[in-house]
Every structure is written in structure tokens, then in C-alpha cells.
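Shown here is one chain on its own, the form predicted on its own, set out as C-alpha cells.
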């Protein structure tokens, strides 16, 4: 069974077409880059997959079923902008996730926090942007999900923090699960990608195995992206 399918998905806001006839299949056990310039439709597609928006036409299936209550249990989602209350203590955030998701592993979350020397009694509001990003990622990666969707997980943080985030992603997702990473910082993540999806002006422009694309084009994924999307 396919993990995720998008079939002829269209989305518009008013007269503006944001996604046009999007067809995608996401298999199990892959790390996939969803790549495109700002305004290409990446975040809209992610919100549709997570049930935060509905398509105007077409359908999205998660493990063969339409997006809904069941798919929310299957997908662990890190949005571009955090939705948590920064006045919460870290341990309160862990309790919140534990109560809300039955596949959340509190022990794993605390172990990951210990690696960063983060005190669970600290409030998020006292933390730097990079540290908040790490805590948010830990919450998402501590779920035993089938599909992890990360929207700009390394945006706006320093290179050292990016390295930690990528290491956390690589070493902590559920075995057999897949990860979709949306980002414009391609050079930073391409080394971990199995497959790539290029999206341009709301349409799927190019998809493929990352290594095969590099071999075919004789260039890195970042170089291919810059060539295909140059102004």
C-alpha cells in the first residue's frame, strides 16, 4: 500500500490557482525533499496533506484513506511557524503532546532533551530561536509516526543548529517511515535525501531519485535546482 497519494489535486484561493493537477506518490522508507521557490505551493500542499485545508478538486489518500482523523495519527507534522504557547514549560509541552497523541514517546523526548542539556522546567519564552526549533523538532520526532512532514525545519537557524536538526531527523524517525522535508536551503539537506520533488508555480515540475538525478545531470541537487529555477 502506498503511504501517500495525491490524485489530480487542485487548490485555489479566490481566482488564484495555487496548486494545479498535483499527482504524487510517496512510498515507505524514504527521505524526500519538497523543493521549490517561495510561493510555489509547497506549504499549501503540506497543509492539504495534514487536513488544514481542503482541495477544490482531486483527492489525497494516506495509507489508502482520505485525509481525516486516522491520517492525523499517522502523520507527525512540524509547521513552518510554531503553534505552541511559548509561555509553557518544556515539561508541560511534553505532557500536552503525550495527552494529545497516543503514539508520543515521552521517554524519547526527555532523552533527546538531555542531549541538549535542556531543563524541562524551562519556559520556551526564555529560549533562543534555534533552541525553540530544536524543542519543536524533538516533539515531532518523538512520535512513532508513519510519515513525518517538516516545513522549513532549518530555516533561520545557524549552521551548527542545522547540523543538529539534520542529525536528529536522520537518527530518530520511525523505522520504515518516510519524511518529507520542505525547504529552500537545498545544499544543507541534499546529502540526506533519497528522492526529490521540484514544485514550480503550483505544478510538479520534476521528481526522481536524488542519486540518479545527480548522475544524469552531472550536478548536485542544489545546482540542478538553481538551473531549473533561475530568474
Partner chain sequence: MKWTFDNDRPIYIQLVEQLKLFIISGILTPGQRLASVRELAMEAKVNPNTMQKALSELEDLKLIYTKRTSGKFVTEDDKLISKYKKALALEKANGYLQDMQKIGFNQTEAINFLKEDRK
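Residue numbers count along the first chain shown, from 1. Note that the coordinates shown come from a computational prediction; the quantities given were computed from them, not determined experimentally.
The protein also exists as the form predicted together with the partner chain; that form is not presented, and the subsequent description refers to it.
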- Task: Choose one stretch from 57-65, 22-30, 196-204, 37-45: the one whose residues place a heavy atom within 4.5 angstroms of the partner chain in the predicted bound form.
- Result: 22-30
- At the 4.5 Å heavy atom threshold, is residue 69 in contact with the partner chain in the predicted bound form? no
- Message: Residue-level contact is defined here as any heavy atom of the residue lying within 4.5 Å of the partner chain in the predicted bound form; does residue 10 satisfy this criterion?
- Response: no
- Query: So in the predicted bound form, does any heavy atom of residue 53 sit within 4.5 Å of the partner chain?
  - Reply: no
- Message: If we define contact as a non-hydrogen atom of the residue within 4.5 angstroms of the partner, is residue 223 a contact of the partner chain in the predicted bound form?
- Response: yes
- Task: Report yes if all three of 111, 131 and 156 come within 4.5 Å of the partner chain in the predicted bound form by some heavy atom, otherwise no.
- Result: no
- Within 4.5 Å of the partner chain in the predicted bound form, which residues of 173-210 have a heavy atom? Give them in sequence order, or say none. 173, 175, 187, 190, 191, 192, 193, 194
